[in-house]
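In structure tokens, one chain follows: the form predicted alone.
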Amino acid sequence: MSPLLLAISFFFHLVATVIWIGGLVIITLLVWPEMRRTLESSPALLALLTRLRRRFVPWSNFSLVVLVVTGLAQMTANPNYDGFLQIDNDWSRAMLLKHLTIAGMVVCGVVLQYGVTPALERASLLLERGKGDPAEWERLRRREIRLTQINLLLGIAVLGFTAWATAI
């Protein structure tokens, strides 16, 4: 791969990483705690959480696609790459751990996007109409927070495995 194409690939890979993992950091460590403190027990909290989810999910999904495409291009261009599932050096071990961790992030994201989020949005809608169960909403909300925190920890691990592979 030409150095220019590789540089462009690195650039988009880094931007996608910032959007995906940076978004998780901002949401988990800054937005949610302050939003809960400020809007506790307010109907605006339900609407704001739904709007944030709807804005972040497309960005994170697009980032994942960019990461896969650019990551595969970069991996095959790396001189440490010996072939598919050839785990015979420290670099390939770091990459294997990185990819397994990314798979964990994808699983968390799928559970959130197709399981927890629709149920949480239904529960929010029912609460807004005065027909919902606040305990059910809180249970789903805690599950969303827990899965997002796990996703964030996995994202930090991905960065660690990337640093390890880069140092080799």
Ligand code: HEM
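Nothing here was measured: the structure is a model prediction, and the numbers come from that model. One rule holds for the numbers: they count along the sequence shown, beginning at 1.
This next part talks about the form predicted in complex with the named molecule, which is not shown.
Of the residues Val68, Ala47, Val31, Leu39, just one reaches the named molecule in the model of the complex with a heavy atom at 4.5 Å or closer; this is Val68.
In short, of 98 to 106, 119 to 127, 47 to 55, 31 to 39 it is 98 to 106 that has heavy atoms within 4.5 Å of the named molecule in the model of the complex. In the model of the complex, no residue of the candidate spot (Ile27, Trp59 and Leu152) has a heavy atom lying within 4.5 Å of the named molecule. Shown alone here, Asn89 lies farther than 4.5 Å from the named molecule in the model of the complex, counting heavy atoms only. Contact annotation for Leu85: none of its heavy atoms lies within 4.5 Å of the named molecule in the model of the complex. The named molecule is not drawn, but in the model of the complex it has no heavy atom within 4.5 Å of Ser2. The closest heavy atom approach of Leu159 to the named molecule in the model of the complex falls within 4.5 Å. Shown without its partner, the chain has no residue in segment 127 to 149 with a non-hydrogen atom within 4.5 angstroms of the named molecule in the model of the complex.
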